[in-house]
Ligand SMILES: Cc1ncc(COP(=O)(O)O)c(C=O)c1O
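Only one chain is shown below, in structure tokens, and it's the form predicted on its own.
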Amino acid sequence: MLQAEGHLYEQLGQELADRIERGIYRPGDRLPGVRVLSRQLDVSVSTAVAAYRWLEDVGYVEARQRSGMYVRQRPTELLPQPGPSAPRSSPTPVTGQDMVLRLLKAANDPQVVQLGAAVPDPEYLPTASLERCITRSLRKHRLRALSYEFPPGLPELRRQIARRMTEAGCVMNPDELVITNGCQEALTLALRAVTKPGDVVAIESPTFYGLLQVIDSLGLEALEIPTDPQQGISVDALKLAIERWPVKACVVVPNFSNPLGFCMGDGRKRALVELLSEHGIPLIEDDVYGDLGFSKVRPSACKGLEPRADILYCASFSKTMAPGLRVGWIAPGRRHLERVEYLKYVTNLATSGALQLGVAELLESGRYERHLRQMRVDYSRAVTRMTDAVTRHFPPGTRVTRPSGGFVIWVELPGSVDTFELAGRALERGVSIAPGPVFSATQKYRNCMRLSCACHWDNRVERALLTLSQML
């Protein structure tokens, strides 16, 4: 019997992984059933199940419906990652965002294989628990659920969020939070609070296209800063940009950035905050993916590392509960709190009281934390599965990011591929991708695209990737 040291299922999983590496089990081989494995190694059935789950998480095996566990066909080598970006070094208005609406419309078409919009398939979300909590809240607080919850929002929800933010190192009073209609509105309120039309905003490059749309709608100019797919925004390049241009705000996604997937280290986060503080520039921190790391340790928020700095923290439950909830929040700091509350009120009065009550109920129940633990595992598997498929299907010279959280990958294609053209042709054949130019204010990254991995994986997805590779 295996020695009872550490996690027994991990020991068992590692032993099986060693056998796979030595060729005892080869790609395509069926592994012993859990009951057979438990008898062979004198462990419980639950330990054997956990070992197979561990092997699945790290990419050695895959489950086949009604058939069992099989050794995965793994790529012989990992594709290289893209290099640091080199965007235009001057502020510019945002252009080329008209393609995004087509992408989002495609996300609602069941006939289209959804690889473009970063919207998780319902199978990844706690739909049943959320439905029960919303229903229970409506029965319990019938009149209140149908009334306005004026800014700053439902007190019970703000208390639950304040408790959860301690995991990111943020210790704050619930009164410092304002509930918003998703993270997109939080970012909009933050930028409206600290800028005026014509101001320059420093951003990562590539960056989330939703941020570019906000910048465009507010009459701001974007200053793209070189960004490394493994380490994040270049603090040195940002310093040079600040010395040259009148930057009024900086927006970053430090934890599992969309679309690159990097997680900035604490040292780099502190250096970023110190640089901005030195020049009196507020930092707008988008932490919508912060809870979705593949490791067991939740990364710190910049606001948690430097609580006295001028940081407007934005997040939502769109990627972890349901995108259609539109329940997010902003912690703008005392300096901007009153302004943000007012802007929220004059923009749309309030966020749905019924949904705020339902979310608060789910958070209080403890089921959300259990769901998050499983979701991190599921997203990790999804990213590994998509990366392996891209490695198998796409042409030599392709580069792919290796995110440590979230559920998107950034693919850099060889040669003179134009992903704008590719996206249009792919959509005609029932496949949605996000072309690289929509992630840049100046439509850079024509040979790049973002793929969402949190889709329902079936033969349609494999065929969609094969279709893309044939078009390439």
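These numbers come from a predicted model, not from an experiment. From 1 onward, residues are counted along the sequence shown.
Separately, the form predicted in complex with this ligand exists; it is not shown, and the next lines address it.
Stretch-level contact analysis of 347-355, 140-148, 311-319, 379-387 against this ligand in the predicted complex, using heavy atoms and a 4.5 Å limit, identifies 311-319. When contacts are judged by a 4.5 Å heavy atom cut-off, residue 179 does not count as touching this ligand in the predicted complex. Residue contact check for residue 286: one or more of its heavy atoms lie within 4.5 Å of this ligand in the predicted complex. In the predicted complex, this ligand sits beyond 4.5 Å of every heavy atom of residue 164.
Interface membership of residue 188, defined by any non-hydrogen atom within 4.5 Å of this ligand in the predicted complex, is ruled out. No residue in the set 262, 400 and 449 has a non-hydrogen atom no more than 4.5 Å from this ligand in the predicted complex.
The partner is absent here, but in the predicted complex a heavy atom of 326, alone among 367, 326, 159, 270, sits within 4.5 Å of this ligand. The contact with this ligand in the predicted complex, taken as any heavy atom within 4.5 Å, belongs to 183 out of 223, 183, 359, 233.
Within 4.5 angstroms of this ligand in the predicted complex, the stretch 376-409 places no non-hydrogen atom at all.
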